[in-house]
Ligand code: HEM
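First comes one chain, alone, set out as structure tokens in the form predicted alone.
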């Protein structure tokens, strides 16, 4: 990245913008942009995100326009809710936006050293990491991950059928904690899965901490402690994993880390933890929302069950998941209707004009995915659950480059999005081939971010064999 393309003040503070040494947190003057900020606004907005989810973000966008000034907790942003502008920022064709610095404003300091993750690296270092990760997400690797997950899905479904009911949100989170432990670490142990679950929960909660001082914020203290524990746990296993032939993701990365000079074993562990944390909660959050929607729309549950039974093998094989076209439509619509990611941060590397507004260098911009996913210019009846909008005849998600970006876009699109979709569809094929379900106590759900997005409530289900 040429230094002439980056504001000198930013370079002075962060060093290499491809692999920043620290966050750039010098406030910029954005008073010319409509909206509100300040601590009271930040606290109210944080509550709105947690209690009303995408509805809160839609209200903000309608009130202030496609670009507006806001605050969440103690962090100030300029939010972008227009799909076209959102796509422009995330694809970053003019290299005006830093992904790394945007994330460091929220999570910087949670580690004792650099973060070295796919989202806290840019340009050359980010390309190095993507190249390193590619073998771990090729077809052969993905097949091994799905094969590891399906037996756990079958065991869980059998238990739910025996009990006749399940508090789905809690139990599916436990289930995917075990899946993550097996896929990412090669460990099939409920205790280890539960330990991973607690550590990841504490880590993610750090993003909502009102202070980044351990003595002042118990949330930040727990997040730091969780990260230290995870790092020490995995750092001690690198040599053993490198010598193994285990198919789990961590072992694969340890064996292939021989082509990036700057990425030593400490950095490798930091990168693995980032990949695992990004993939861990997202799938269970989306699957939980899909359970509520299928319970609320039994006609779609029946259609998916019919499709599941037309897939010939049991358990499902990796190469057959692509046949689950209706499962794919409902998964995509679930991520649109109840988005997992609230917004994606970027920081302006130089003065930028966006949507007619001057964005000073150093401004942190939040790309509001939720607003774009309900934008009426892109979606027919956007507040209606309608999976067929993603079918070949309508293809509404392709109307605008920024309309459908549930896991980001551009070079920093989530590397684990394909694995998440594969696991989700394999899970639903397993469940719907054996069971039907309904809400134990029907309720009008809302969307909420805590910090990832999901349907509200426990999603308690009555489950019966078919």
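Bear in mind that the values here come from a model prediction, so they are computed numbers and not experimental data. Positions refer to the first chain, counted from 1.
The discussion below concerns the form predicted in complex with the ligand, not included here.
**Student:** If we define contact as a non-hydrogen atom of the residue within 4.5 angstroms of the partner, is residue 56 a contact of the ligand in the predicted complex?
**Tutor:** Residue 56: no contact with the ligand in the predicted complex.
**Student:** Indicate whether residue 225 is a 4.5 Å heavy atom neighbour of the ligand in the predicted complex.
**Tutor:** Contact check for residue 225: no, nothing within 4.5 Å of the ligand in the predicted complex.
**Student:** At 4.5 Å between heavy atoms, is residue 101 in contact with the ligand in the predicted complex?
**Tutor:** Judged by the heavy-atom cut-off of 4.5 Å, residue 101 is well away from the ligand in the predicted complex.
**Student:** Indicate whether the ligand has at least one heavy atom within 4.5 Å of a heavy atom of residue 419 in the predicted complex.
**Tutor:** Yes, residue 419 is a contact residue.
**Student:** Please identify, from 302-310, 76-84, 190-198, 122-130, the stretch that has a heavy atom within 4.5 Å of the ligand in the predicted complex.
**Tutor:** Careful reading of the contacts points to 122-130.
**Student:** Within 4.5 Å, heavy atoms only, which of 251, 289, 282, 106 is in contact with the ligand in the predicted complex?
**Tutor:** Flagged contact: 282.
**Student:** What is the one choice in 369, 364, 179, 330 with a heavy atom within 4.5 Å of the ligand in the predicted complex?
**Tutor:** In short, 369.
**Student:** Could you run down 401-426 and flag each residue that has a heavy atom within 4.5 Å of the ligand in the predicted complex?
**Tutor:** Sequence-ordered list: 406, 407, 408, 411, 412, 413, 414, 415, 416, 419, 420.
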